[in-house]
Ligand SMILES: Nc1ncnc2c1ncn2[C@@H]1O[C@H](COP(=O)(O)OP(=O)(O)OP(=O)(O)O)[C@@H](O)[C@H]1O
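As structure tokens, one chain now follows by itself in the form predicted alone.
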Amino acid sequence: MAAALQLLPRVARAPLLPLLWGGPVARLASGMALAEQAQQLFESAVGAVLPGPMLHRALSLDPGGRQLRVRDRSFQLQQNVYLVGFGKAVLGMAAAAEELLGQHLVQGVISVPKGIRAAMEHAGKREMLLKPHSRVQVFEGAEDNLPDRDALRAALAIQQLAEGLTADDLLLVLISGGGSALLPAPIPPVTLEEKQTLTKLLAARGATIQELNTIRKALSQLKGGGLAQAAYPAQVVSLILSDVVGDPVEVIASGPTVASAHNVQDCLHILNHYGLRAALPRSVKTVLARADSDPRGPPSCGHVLNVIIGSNALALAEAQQQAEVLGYRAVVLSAAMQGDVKNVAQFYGLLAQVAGTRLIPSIAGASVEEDAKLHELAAELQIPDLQLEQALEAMVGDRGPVCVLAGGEPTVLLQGSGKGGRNQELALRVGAELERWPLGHIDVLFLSGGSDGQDGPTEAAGAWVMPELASQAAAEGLDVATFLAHNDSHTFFCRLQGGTHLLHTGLTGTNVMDIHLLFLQPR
């Protein structure tokens, strides 16, 4: 917990302990006090998935230091370990791995976000940094989470290291969110710019992470099992910090150590669905046609052990525990929230309304129709393992405040050219939804934040809102609908009350998708 509490230097903190005034949780004097608690729970969630502790839970050496144990598998150590990595959490993972492996680590190459070493140094997070004489070479690139020439150079260096390995070597692969952008190696004649343009077009039209990665893998030398194939016949151990709903190893960072299950027809179906097939560059058509006729089929990855070492569910479990320490009835709704951000926002708005009437049954509130709409919308979103009934059951009767926790990765269909990210847009849309429902006898707060500390191309991790958002905005001459129409949520929150609704953490050094917190507290 101590490490987690370093994440929010800009926020004044109350102690993360039960408040005694007025009951297990104090009837908070203001929305800002509730916001501080929300941000503390966000910190605890992120703190549970910091790279060092996770890696040490997954790896161990035998007492003699001659064998590396990964879960139930053991690997012989003879100064034969090589390391590669790519992703937002990989710098800290590599530092922990090198400390553990010592002289057995021969060489490493990692690709990490531009500026992350300086950010970790500035934040005093020395445990996230490699030692001065490290055997690991660091490339920084993929500014704003977009593949660039620096990331391409890193990918080629990783490929070169992998291709030089023998059957006596062990390749440790560190993978976390953001890995796709940090490992771009297009199959010639496709250029980096052509691949990047296609990815941007798909993302702007609302393509899911699964769809984006299907296309990326088809056009990449290293994704879709390509890295594992390059490393053969060396043994490969991949330690994966998941940033994808459901933790599918073939999707995280586009599955560089997992044989692809997709074919060219899957790619063409996606491109047709988003109306992009006719606009494909000749180079992309050439690569897809070549792959369709390749008699070898997809690469085999029988020499690979893939291990998930951290996920959104682990982060939510920690935040749930801390919420209970504060006296909340805490329920994890789902670690797989997905779908269009508009529908997800409507879902949270309806959930707050229906939950409010269950917390205080004597207050007129949600009708049977609204309850039915909530369940209908939940079915449309197709959220895996949704614990909606359990959450609503926790809200029956006047038994004190409730904290609903969820995580995942909603998608935003871009319609404007404003500045923002999915967390800030979700928060702004939830704020607009909350205004629609009469919840005068309940304090409600919603927070959405990216666990990596960067929401889209902004310096904020996310934002928090309350039902008073729209009226506060109107008092400052800000129209919520106009900002939403331009996907300009970051500008909105910067202007609203001097930016106090923004969640600032700086780069956290980890990444397990987003954290959503919904607080309902009877007055």
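In case it trips you up, residue 1 is the first one in the sequence shown, and so on. Everything quoted here is computed from the prediction, not taken from an experiment.
Keep in mind that the form predicted together with the named molecule is missing from the display, and what follows is about it.
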property	result
Any non-hydrogen atom of E409 within 4.5 angstroms of the named molecule in the model of the complex	yes
Contact test in the model of the complex: K419 vs the named molecule, heavy atoms, 4.5 Å	yes
P457 within 4.5 Å of the named molecule in the model of the complex, heavy atoms	yes
The named molecule contact in the model of the complex: N145, any heavy atom under 4.5 Å	yes
One residue of V264, A157, L386, L414 in contact with the named molecule, assessed in the model of the complex (non-hydrogen atom, 4.5 angstroms)	L414
Stretch in contact in the model of the complex with the named molecule, which is absent here, among 188 to 196, 343 to 351, 77 to 85, 421 to 429 (heavy atoms within 4.5 Å)	421 to 429
Heavy atom within 4.5 Å of the named molecule in the model of the complex - qualifying residues of 331 to 348	none
